[in-house]
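This document opens with one chain alone, in structure tokens, the form predicted on its own.
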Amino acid sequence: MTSMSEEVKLECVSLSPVSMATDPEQGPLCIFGTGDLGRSLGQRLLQAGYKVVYGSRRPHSCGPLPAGTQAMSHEAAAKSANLVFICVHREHYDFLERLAPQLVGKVLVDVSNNLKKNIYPEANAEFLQRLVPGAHVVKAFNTLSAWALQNGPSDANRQVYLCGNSVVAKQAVEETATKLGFTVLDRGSLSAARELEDFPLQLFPEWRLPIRLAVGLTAAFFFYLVIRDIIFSYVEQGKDISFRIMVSLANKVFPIVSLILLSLCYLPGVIAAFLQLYRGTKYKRFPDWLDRWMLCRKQLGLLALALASLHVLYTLIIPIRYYVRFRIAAHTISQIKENKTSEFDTTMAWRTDSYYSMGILGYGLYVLLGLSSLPSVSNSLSWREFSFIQSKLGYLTLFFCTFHTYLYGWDKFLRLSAYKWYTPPAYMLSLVVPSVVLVLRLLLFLPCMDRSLIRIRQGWERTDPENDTKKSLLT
């Protein structure tokens, strides 16, 4: 047993060799730069149990540093550490060329970024490697902010990307990042440095498609309603109701786009289910457009929630609008003059109460879906709980919101006056996608389809006689 354990230990050591010269625990870590990022990185390294020294051109007047660190000249700091973090901008790299003899064999971690893309002909890390050819340059930590380093990793910034030409140097940086609580993703050689430096310059890359879709739908339905309501009334009836653009039209556009976006969150899942049923396996890749669509469902849902919230706020101010108060007063006065009294309509009471009730229930579930998508909440849920909220309650939310819209329309689709210039009302257009999603989802609930889908997602594959014949011939 003893000999076997010794053999296992020897095998473990041989699988992941780490050079003692680049082990950060053998001595202090060095940071060049005493700005916000340098101070935050030093504080985080101290909390992880490392010794930290700062290299500065003015070691005696470089500002407040984390307690427990030491500031010294660049030359002295470079000699004292084997792993050096370069927390300065590229235009200040000149001093590193003078330190080339002291940095031979050292690991230099370049954390710099640029203000714009393609400012320089080569990446900052490649330029640094050319300045100090005897060092091992690793690009890492540039996607993290000073705030993330101070407060610790969260789901939004847990990953550290790195690249470099030296495997041993990357192992040393990876070990340090892991001890700081981050997960490391190796992007290969130093030629990938430009790609890493472009990451922080991207503005909401995962939100671009959802935002474009939301803006496009909002603009399309807004102009559609302007033509049907405002321009139609002015041309056909000679009425100027352009003031309704600010509240009435907005309160129609926002819920319409919100309902469509919500249905678009669940449509790709339905399409994927039918694709798996058609193929008879879950081991074939989905089309690229479907993958992109499924990856942005969270963003689509949050935008839908934002538009639904605007619809709620607009609805709350309806009773205090001048137009509404004027109409109510005019109607009351006309009834007094004519000595008439409106009879209570039970059907209308049921319709309006049901309409408001479905809207309230739908919005309440909307908010629950949004809260459960927050990292702080989703991390506390098991996968089954998260799936139940986002899937089961999500379809229930879609049903309530769709039924809310059907109650709003009621029997208007039977009136010819609702089809202005032979165009359907906007709420009817908004019901197309959610109705299709709900119908397709109901089809998936059929026992024959549900059982087949569950088996496929558990790993079962439908056999192909032609492929089986080919396999037998090859055998």
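Don't overthink the numbering: it's just position in the shown sequence, from 1. Given the structure is predicted, the values throughout are model-derived calculations rather than measurements. What we label the rigid core is the largest C-alpha set whose atoms superpose within 1.5 Å from one form to the other.
The form predicted in complex with another copy of the chain is left out here; the points below concern that form.
Taking non-hydrogen atoms only, R457 approaches another copy of the chain to within 4.5 angstroms in the predicted bound form. Taking the partner from elsewhere, P319 is found to have a heavy atom lying within 4.5 Å of another copy of the chain in the predicted bound form. Among residues of the shown chain, R44 is not one whose heavy atoms approach another copy of the chain to within 4.5 Å in the predicted bound form.
Contact check for E236: no non-hydrogen atom falls within 4.5 Å of another copy of the chain in the predicted bound form. T143 is the sole member of T143, T218, Q102, T402 with a non-hydrogen atom within 4.5 Å of another copy of the chain in the predicted bound form.
Think of it this way: in the predicted bound form, another copy of the chain has a heavy atom of just one of P287, P375, G280, G134 within 4.5 Å, and the residue is P375. Shown alone, this chain has one stretch from 257-265, 91-99, 348-356, 218-226 that lies within 4.5 Å of another copy of the chain in the predicted bound form by heavy atoms: 348-356. For the three residues K179, F326 and T341, a heavy atom within 4.5 Å of another copy of the chain turns up in the predicted bound form in every case.
Scanning 366-387 for heavy atoms within 4.5 Å of another copy of the chain in the predicted bound form gives S373, L374, P375, S376, V377, S378, N379, S380, L381, S382, W383, R384, E385, F386 in sequence order.
After superposition on the rigid core, displacement of the C-alpha of F182 between the shown form and the other one amounts to 2 Å or more. Relative to the superposed core, G216 undergoes a C-alpha shift smaller than 2 Å between the shown form and the other one. In the predicted bound form, the CA atoms of S191 and L295 draw together by 3 angstroms or more relative to this form.
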